[in-house]
Each structure stands twice: as structure tokens, then as C-alpha cells.
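The chain that follows stands alone, in the form predicted alone, written as C-alpha cells.
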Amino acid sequence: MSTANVLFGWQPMADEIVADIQNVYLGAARNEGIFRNLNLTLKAGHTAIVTGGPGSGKTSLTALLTGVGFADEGLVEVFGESLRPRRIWAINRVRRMIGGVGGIFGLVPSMTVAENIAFPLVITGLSKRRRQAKLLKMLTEFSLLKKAGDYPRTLTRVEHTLVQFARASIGDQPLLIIDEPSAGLDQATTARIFEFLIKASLSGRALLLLCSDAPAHDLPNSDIYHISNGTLE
């Protein structure tokens, strides 16, 4: 078990339910439904790969799991907390335990690369000495040492993605949500990213991958779903 998971206040056991979506309906404009009877259960050490085109609901799924949006009907529980409006304390607790790449998990423009990567540790209250040691490790592993003092606006697309993955790695949060993990990446970088995802999964973290198409790389304990007509198939 990771010590960082203890810092985030949740200690996952093998196959323990991390996120549970049951019978969710989410409406949209013009009385159209984004989700109709949506169901998804994600356990520790498992990966859910959700495919779908633009407008299929992948962004809305992330919103449900992070408390950015709420179901009109049904149940959404993450780390045992029911995510509903006005349960701000529960939403904040859940968000601390989710790392992400892409979508709503963009970098903070006013922070340097180093500050962006270290941010998950800042909110845990980890000592500066331990933060610096973990930051140096991440900067080295993701080949970002020379970019530590740079700002996101100066980064290439590949560098931008690597910074997000370094940030997702440093906190070791028990749930990772990855939006289009290989978008804009060359084959070598994509292979490197999937090595990280495999390692994260084997460590007991739960992964949710949102993709236009199923990835070419295999992940352990993974299931592939497709969003169609507001449900997962």
C-alpha cells in the first residue's frame, strides 16, 4: 500500500469498490438525456476504458465522479461518499483523492512546471523536504528537469502531457482519470505513458481511461465499455 494513499485518507484493499454509479439519469437541453440508466463499478487495481465520440458523455462522466456535475436521478458514490449538491465537504474529500490528465485536469497557467507537479502534495501538508525529494524523482523520471521553472504556455504538447502525468504520479491518489492518454503523442512517448499506467494499476490504483477508440496497449484487470445512447455497453 502506498504511503501517499494514507495521506489522502483512504486505504484501498484489493478489489474494494472505488467508484460506483448506479441507475444514473442525467438530462441536457431540449429534454435530451446525456445518460439513461448509466451503471459503472470501478474497483481498486482495476481499469475501466470508456470509449465514445465527441458529445457522447465522457466529459459528463468525469464531472459526475468529481462533483463538478450531479445526476438528476440515481446514485454516484466515490470512496464511499455520495456525491450530491451541497455536500461540499464530501466533494472536497473525494477530489483530493483523484489524480487526472486532460479534460478538467489541465495545468494551472500561473504555476511553474515544478509547482504544478508538486501541488497534490501541497494539499496533503507533506513537509517541504519530502515534497522536494518526490518532485526531483518525478522531474527525473519524466525527463522534465530542464523545464522545472518554465510555465505551461512555453511547453510543447508532449511536454504538457508529461507534466500532467508527473503530477498524477507524484500524489499516488487511489483514482486516476485519464482523458485521451495518447492524444498527440508519438509512439515512444505513448509506450512510456502506458508503462506508467500499468505500474499504477499493479500498485492498486483504480484507473478510468476516456478514449475515442480502444487503446492499442493492454492494461491489467481492464474492461472496455462504449457509451452509446446514454448507457455503457
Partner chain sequence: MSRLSHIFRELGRSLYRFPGTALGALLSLALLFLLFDLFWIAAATTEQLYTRLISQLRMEAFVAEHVIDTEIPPLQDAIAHTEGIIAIEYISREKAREVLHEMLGTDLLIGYDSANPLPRSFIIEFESDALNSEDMASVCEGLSGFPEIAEVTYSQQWLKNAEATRVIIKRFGLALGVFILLTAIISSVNNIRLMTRARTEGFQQMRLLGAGRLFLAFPFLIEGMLISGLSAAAGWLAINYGSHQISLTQIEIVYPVIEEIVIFCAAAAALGAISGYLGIRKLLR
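Worth saying up front: this structure is predicted, and the values here are computed from it rather than measured. Positions refer to the first chain, counted from 1.
Below, we refer to the form predicted in complex with its partner chain, which is not included among the displayed structures.
Handout entry: Ser143: touches its partner chain in the model of the complex, heavy atom cutoff 4.5 angstroms
Key = Output for Ser143 is no: heavy atoms all beyond 4.5 Å of its partner chain.
Exercise for the section: Would you please decide whether Gly106 lies within 4.5 angstroms of its partner chain in the model of the complex, comparing each non-hydrogen atom pair? Expected result: Gly106 belongs to the contact set for its partner chain.
Exercise for the section: Classify Arg205 as contacting or not contacting its partner chain in the model of the complex by the rule of any non-hydrogen atom within 4.5 angstroms, answering yes or no. Expected result: The answer is no: Arg205 has no heavy atom within 4.5 Å of its partner chain.
Practice task
Examine Gly125 and determine whether its closest non-hydrogen atom to its partner chain in the model of the complex is within 4.5 angstroms.
Solution key: Within the cut-off, so yes.
Problem - Proximity to its partner chain in the model of the complex (heavy atom, within 4.5 Å), stretch among 63-71, 181-189, 35-43, 196-204 - result: In short, 63-71.
Exercise for the section: Heavy atom within 4.5 Å of its partner chain in the model of the complex: which of Leu136, Met111, Leu155, Ala148 fits that? Just give me the one. Expected result: Partner contact (heavy atom, 4.5 Å) among the options: Met111.
Problem - Candidate spot Ile224, His226 and Ser228, all three touching its partner chain in the model of the complex (heavy atom, 4.5 Å) - result: Contact check failed for every one of Ile224, His226 and Ser228.
Practice task
Could you list the residues in 71-89 that come within 4.5 Å of its partner chain in the model of the complex, counting only heavy atoms and keeping sequence order?
Solution key: Counting only heavy atoms within 4.5 Å of its partner chain in the model of the complex, the single contacting residue of 71-89 is Ile88.
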